[in-house]
Ligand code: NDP
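The chain below stands alone, shown as structure tokens; this is the form predicted on its own.
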């Protein structure tokens, strides 16, 4: 008979804020489904405390961690090695602790792309896209869309410095001629755009009445409109897009698919994707598949 162990393997999330983040629901459902003695901890880490939090991760021998706003780029200085895609993206959302050596990966863009292709039936090949925002999520999504054959990409951001930095980064590491537009009042989506993505935290709980400042009349029924925000799943941004006939994709699909990749990296086991999806949909009272 195998010796009984009361030890929990620890993983979790570093972010600020994190109280609205429902990621733990998916992982705990997956761990319970597979009978694993693992725990997912949702941990609030202020920017100035990130270095100490990473040291604590190692001290607790945690198996890994997810990173969310505002740590996806700043954590890079504490990482020992990066995947090739994470090097290109310039941001990570996942760390794997290999005996005190931290390996960084970015599953955000991969999760987004899978939700876009599998759930919305949208193929980025030879299409055009506008991404609102220039943070970690925007970086990951932009790289994966480019790799998938996107023909035209526009980055729209209020901070000109940050937006131009991302565009320069993408141009330097890919063959695409990415365009930057400074986000002014009532930004109008150009004609011919196939995909619109909100990669900002605008509309995230508790600020659920907030919406990106764009001209919503420029959204058409020919567009696919996506929001990376998982809470609430149906943001004001998506409701506005749906009212104009656009096909919408909420942040839950991206959340599930990127988490499934992390699950495999940490545990070595295939993630029970439908269990994870069912758990998060139940949490938000969404009709089950």
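Note that the structure is predicted; figures quoted are calculated from it, not measured. Positions refer to the first chain, counted from 1.
If you look for the form predicted together with the named molecule, you will not find it shown, but the lines that follow are about it.
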In the model of the complex, does residue 90 have a heavy atom within 4.5 Å of the named molecule? no
Partner contact for residue 195 in the model of the complex: the named molecule, 4.5 angstroms, heavy atom: no
Using 4.5 Å between non-hydrogen atoms, is residue 67 touching the named molecule in the model of the complex? no
At 4.5 Å between heavy atoms, is residue 251 in contact with the named molecule in the model of the complex? yes
Which of these stretches, 37-45, 238-246, 59-67, 225-233, has heavy atoms within 4.5 Å of the named molecule in the model of the complex? 225-233
Which residue among 129, 146, 204, 170 has a heavy atom within 4.5 angstroms of the named molecule in the model of the complex? 204
Residue by residue through 115-130, tell me which have a non-hydrogen atom within 4.5 angstroms of the named molecule in the model of the complex. none
